[in-house]
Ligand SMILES: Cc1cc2nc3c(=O)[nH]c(=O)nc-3n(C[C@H](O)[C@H](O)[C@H](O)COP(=O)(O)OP(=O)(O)OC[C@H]3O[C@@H](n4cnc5c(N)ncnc54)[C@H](O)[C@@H]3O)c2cc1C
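Quick setup: one chain, the form predicted alone, written in structure tokens, and binding and motion questions come after.
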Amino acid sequence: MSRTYDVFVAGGSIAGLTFASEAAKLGLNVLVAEEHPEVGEPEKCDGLVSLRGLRKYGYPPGAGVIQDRVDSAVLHSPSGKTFTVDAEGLEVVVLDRSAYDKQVSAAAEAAGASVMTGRRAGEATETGDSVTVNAGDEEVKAKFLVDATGPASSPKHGILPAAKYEVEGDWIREHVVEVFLDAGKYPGFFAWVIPFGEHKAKVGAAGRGVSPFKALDGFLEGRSTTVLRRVAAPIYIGGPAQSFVRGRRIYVGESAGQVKPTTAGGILTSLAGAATAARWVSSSIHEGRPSLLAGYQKEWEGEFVKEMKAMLRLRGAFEKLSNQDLDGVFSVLAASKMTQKLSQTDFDFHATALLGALGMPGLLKIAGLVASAEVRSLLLER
């Protein structure tokens, strides 16, 4: 059995489903193949995002999708120092990602796209003006293949092992996101707590060269906790891929590295990438000009490349900080007016906001506290 489409989308992720929805609205015949039996499951993303960004791209969450609203974020240093950011004005929420993905899937089908679950996209062969893909028990032919499979196709240098639990405990603070930094326990990353209801939270841990499950169990030790669900959820922090388009294969979302290198959050940037790709693929097909696809990466980078470079700069410095360095950074932050400045910035462009709020005086203070010349160079580069 064989079917023909304008676009075959491998992966029913938020990026794949957004692409399908936008492309179908533009008149393309689109098929999405999701390997799991249900869209949105297993839920690996914590769903932290700004409503401002979702509204911008036309996908605000529907009824029952928002699990919590974030009033503040608290960062913990290795020695127990804290730095708190007032987030009430940033419109940050926690989404039920399973429900949100189902919402976008329904929008894609309402626009005319086909979404089939329990079908893994197999080997793809590009021939002339089409791509042939094995999808379960059938062969699908399309003008373009959109890869939205996530970590399976992400640049391998940027993958970190991570674990996430959904837990219940009296110690969880409603409406407060918490981040715990420790270069020994979570090298190159951190542990996190994201509330999603009364005494419930999504907690996670990641780090280079560590067992994330052991790290997370260690974090929860001493905290009275009931674990509701455990998920292995690798994260990507390596920055955008060098190329979003390779022949008739188009990469969106995490497959294109459209994920924040600082936090591994990628809902907004992936949604933006998918919507942008859909417009350029539609133009390419309708005008019969594959060369137009180059506009996709150019447009996405025009909006996000400055922020991505700032994030990579911060990540490069952060990964080389010792616990003593981290405590010193907290001292600088606490002594400045950073809390007020960050509470008035854009959650979706936090790296640019942080560097701007610190300014050269703040960066010089931090650089003076760290021993590594490489870190100082990264912090002070123009």
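Quantities reported herein were computed from a predicted structural model and do not represent experimental measurements. When you see a residue number, it is the position in the sequence shown, counting from 1.
Another form, the form predicted together with the named molecule, is not on view; read the next lines as being about it.
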Spot the stretch among 307 to 315, 79 to 87, 232 to 240, 214 to 222 with residues whose non-hydrogen atoms come within 4.5 Å of the named molecule in the predicted bound form. 232 to 240
I'd like to know if residue 136 sits close to the named molecule in the predicted bound form, meaning any non-hydrogen atom pair within 4.5 angstroms. no
Does the named molecule get within 4.5 angstroms of any non-hydrogen atom of residue 265 in the predicted bound form? yes
So in the predicted bound form, does residue 121 come within 4.5 Å of the named molecule, heavy atom to heavy atom? yes
In the predicted bound form, does residue 169 have a heavy atom within 4.5 Å of the named molecule? no
Interface check vs the named molecule in the predicted bound form: of 151, 197, 188, 295, the one with a heavy atom inside 4.5 Å is 151
Ok, 48, 332, 65, 354: which has a heavy atom sitting within 4.5 Å of the named molecule in the predicted bound form? 48
